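Encoded as structure tokens, the following chain is the form predicted alone, with no partner shown.
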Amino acid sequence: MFMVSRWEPNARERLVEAALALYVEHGFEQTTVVEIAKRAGLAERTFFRYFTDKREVLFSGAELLEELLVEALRTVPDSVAPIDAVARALNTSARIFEERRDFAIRRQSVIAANRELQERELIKLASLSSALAKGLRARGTDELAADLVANAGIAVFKIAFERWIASGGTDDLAHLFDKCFAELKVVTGEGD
């Protein structure tokens, strides 16, 4: 009889890869936790040690991204304008996405095919915006400006990320962030 070890090596990564493969092959709605665990060669209960539900496989990295952005924002000198501080913070995330290009592209295709996941993605982006606004306020930016800049920064993130995904991840994501921030400054009259 085949016994599944209690502490399988790389269980989390195996579950993520299995889930993503099944979501792409069969669709998010049609994939069950049992199928994900089976594909990963793990017990169903192991899935629930790492994830609360099958959506969290796609969104479990949100907290780490938020921490990365907030920490990057914290290290930008206070003399840097708020919008430029957010731009620098977002640029720190580009490398991580590019290192996980295949995952990011497949993940985004699953999200794009499901309205519930699209809504969850918007919630994640709103949480990132709130965290950036809080970080800006900690730098001394007033509340209204912090909210505006953080929301603008997340809009830039979303648009640049969508363009990066559309390019198949071949465009340089940091360059796309810079290009979008430059365009934002032009349309607001700051880049003249």
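Since the model is a prediction, treat every value here as computed from it, not as a measurement. When you see a residue number, it is the position in the sequence shown, counting from 1.
Here the subject shifts to the form predicted in complex with a further copy of the same chain, a form of this protein not shown in this document.
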item	value
Contact residue in the predicted complex, from R100, R120, R74, R106 (heavy atom within 4.5 Å of a further copy of the same chain)	R120
Proximity to a further copy of the same chain in the predicted complex, single hit among V149, I165, A43, L69 (heavy atom within 4.5 Å)	V149
Heavy atom distance at most 4.5 Å to a further copy of the same chain in the predicted complex, all of E13, T32 and A37	no
Contact label in the predicted complex: A113 to a further copy of the same chain, heavy atom within 4.5 Å	no
Heavy atom of I96 within 4.5 Å of a further copy of the same chain in the predicted complex	no
Any non-hydrogen atom of K179 within 4.5 angstroms of a further copy of the same chain in the predicted complex	yes
Residue contact check: L144 to a further copy of the same chain in the predicted complex, 4.5 Å heavy atom	yes
Heavy atom within 4.5 Å of a further copy of the same chain in the predicted complex - qualifying residues of 69 to 84	A81, P82, I83, D84
